[in-house]
Each structure stands twice: as structure tokens, then as C-alpha cells.
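In C-alpha cells, the next block holds one chain alone, the form predicted alone.
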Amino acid sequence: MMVPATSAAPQSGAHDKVPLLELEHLQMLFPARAAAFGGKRGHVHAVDDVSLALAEGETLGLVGESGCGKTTLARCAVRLLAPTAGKVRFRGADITSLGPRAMRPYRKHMQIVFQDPQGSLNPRKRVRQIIGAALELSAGGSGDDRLRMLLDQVGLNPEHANRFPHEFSGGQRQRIGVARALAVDPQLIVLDEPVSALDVSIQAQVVNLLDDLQDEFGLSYIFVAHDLSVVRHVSDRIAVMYLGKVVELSPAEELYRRPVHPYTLGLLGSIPIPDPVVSRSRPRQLPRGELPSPIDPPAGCRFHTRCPGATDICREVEPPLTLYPGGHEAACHHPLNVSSSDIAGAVRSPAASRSSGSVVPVPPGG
């Protein structure tokens, strides 16, 4: 067994009430430069006013098209990027503005497994050195016994410790990345597209490995992916992002059974189904057109330029994130798959935008 995580960072005495991680109105803007003269030309709105909370032992899936901001949000959550605005709290402690030295007690509790298993490992170092560097920072210290234990936990053999990354397959390299993250006894692991570069059979092995490790050590995951079929099997809740904003947040099975936002419905329609008869017969409402520029996002609802059901209010007023009965949240003026009683019981979500305007959702077709 791994040595239990002991936090050197401030912790709350009521861990069952305080989320492990809280993101409050997080914003991340990147300066955009014109092609000529090097002058600034606005900002890229990578993450724009996002609020989320992650409980201990929970897996939160982040899904959306490429460029929607999900990876940027995940990196801000573990302070690999310093957000432009908003708050990041770990066990109730505000870590948003902490410098490198002040962040050290928190770093071991927040780890990340990167998308590219080849690029995330130093090609000039052996596995023993890659994982050993992390072991030196852990409470259990370094040592061959602990190294062998970690390799065994991720399904690798002890003799793999003396090999270089290029001597492994893609799935094996991703397992090395997982072992490196586990070496410091983390409480939160960000998984940034951890299986997107792997074969389907290897994807299943890595997903099962992550699930087993979570059960054994009580880990919390932020699982970033664009493959909704993978996210469904690993997530407790799923947040759907579009152009820097969360447009829907729901328990996993509820999201697939009853999507509320038109963009979510389009994403679900893009999931391939092996049976061609079923695939042709299912209703599909794919987003039309291209993703707008994040430098100059549309006014009102950001999805209105691609939404078949958009009306004037969608073009003028940004819909707030609304909480429906059952814990399903969505930001849409014309929500799908909701009844009149659901709309009557809907309230403004605590994670809603800071904008003061409040818009009551309209029933489908209203």
C-alpha cells in the first residue's frame, strides 16, 4: 500500500462539507497579437467565468470541442497557469495568487497526467530516474522497494525501471506517467486526454487502471476528453464547455439520458454507433457552421450562431446557468427535455455568471 497522503497545506476540519477543489468565476485570457507590427489585438477568451466544485473521491469529466478551453481550465485548476481573474481553492484555502514557494506544500496533492505520453517523459532519463525524482518529494521517500511497488500498481514489471521511454508502447508510457503522478501520494489528478492517443484496446486498460487506483486510494479526478463515450464510463458528473464557458453540468447518466442544452445534444449525436442501422435511424442535431473566434465571442448566448433553435433573446441576452430539479444545470433560453414543472422549480445556479441579469428559461418551442 502507498503511504497515506498527509497534507502540509492548510486543511479544513470538515472535509465532508468543504469541496476538495473549488473554482469560482475563473477567467483565463491570453493576449492576441496582430500579424504585423507585434501590436495587441484583444484577448483570447480561453476560460470565461467558470465556477465548479469537485468533491473528494469524485470524477468530473470536462468535454467539448477542441479549443473550448477545457485543458486551459484544468491547468488553471492545478495552478500550472495563473488565472486572469477568479479564485482557486484547495480544501477551502485560496491558492489563486500563491507564488512558487508558497505553492510547494500544495503541489504534491495536485498532479497531472498529460495527453502525449511520449512528450511528457524526458527521453534522456530512465524510468527509475523519472519516477525517482517524484519519489524524493513524497512522504515515503525514494527507494527500490517503493519504485517496484509503483510499477506493479500500474501494471509494469520491475525490469522496466532501467528502460528509456522510447522503449515502451504508448499505453506503457501513459502508465509511467500515472506512476509518476502517484509517487507523491496526490489527492487530485488531472487527466488531460489520457487515452486519446492510444488504441481502443489500450484505452480500456488505462481507464480500468485509473478506476482501480481511484477505488484503492480515494483519488479525485478531473478527466478532460472530447470522446464522450469514454467520459461516460469514468465520470460521476460531466461539465460541457463551449467557447470558454460551461453550458451544461449534470450527473453522467442523466446527461446522456436527458440532455438539456442543444450543444450537448449535438455532441451526443456525434458519438459513433457500431450498428449502421441504429446509427442511421437515430435523431441527430449536429452543430452547424464553425466555432466562432474566442478573441471576439458572440454576444448573448455564445452558441446562438450555430444553434438551430436560436431566437432574438439568444442573440441579445446571455442565459444564466440554471439549476433544474435533480441537479441538472444548463445555460439555455430554450432548454430541451424539461417539463413545465421542471422550469417552475428551476433556480439560478450558485455557479451562474456574475452578470446581474436574470432570465427565466422558456419551454421548448416557446
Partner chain sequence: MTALLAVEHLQVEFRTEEGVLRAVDDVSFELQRGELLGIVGESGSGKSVTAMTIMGLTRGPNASFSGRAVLGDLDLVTASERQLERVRGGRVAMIFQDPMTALNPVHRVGDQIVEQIRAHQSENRRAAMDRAVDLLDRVGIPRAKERARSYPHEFSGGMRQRVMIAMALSCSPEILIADEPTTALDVTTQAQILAEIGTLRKELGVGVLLITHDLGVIADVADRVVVMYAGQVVEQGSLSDIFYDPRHPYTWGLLGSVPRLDADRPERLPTIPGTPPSLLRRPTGCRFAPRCAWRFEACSRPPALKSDDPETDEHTGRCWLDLDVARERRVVGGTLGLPVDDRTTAGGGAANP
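As the structure is a prediction and not an experimental result, all values here were calculated from the model. Positions refer to the first chain, counted from 1.
What comes next is about the form predicted in complex with the partner chain, which is not displayed.
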item: Partner contact for residue 288 in the model of the complex: the partner chain, 4.5 angstroms, heavy atom; value: yes
item: 4.5 angstroms heavy atom contact with the partner chain in the model of the complex for residue 99; value: no
item: Contact test in the model of the complex: residue 137 vs the partner chain, heavy atoms, 4.5 Å; value: no
item: Partner proximity in the model of the complex: residue 122 to the partner chain, non-hydrogen atom cutoff 4.5 Å; value: no
item: In the model of the complex, segment of 90 to 98, 127 to 135, 229 to 237, 73 to 81 with a heavy atom within 4.5 Å of the partner chain; value: 229 to 237
item: All of 172, 273 and 277 within 4.5 Å of the partner chain in the model of the complex, heavy atom check; value: yes
item: Sole residue of 180, 160, 245, 109 within 4.5 Å of the partner chain in the model of the complex, by heavy atom; value: 160
item: Residue among 252, 184, 241, 188 with a heavy atom within 4.5 Å of the partner chain in the model of the complex; value: 252
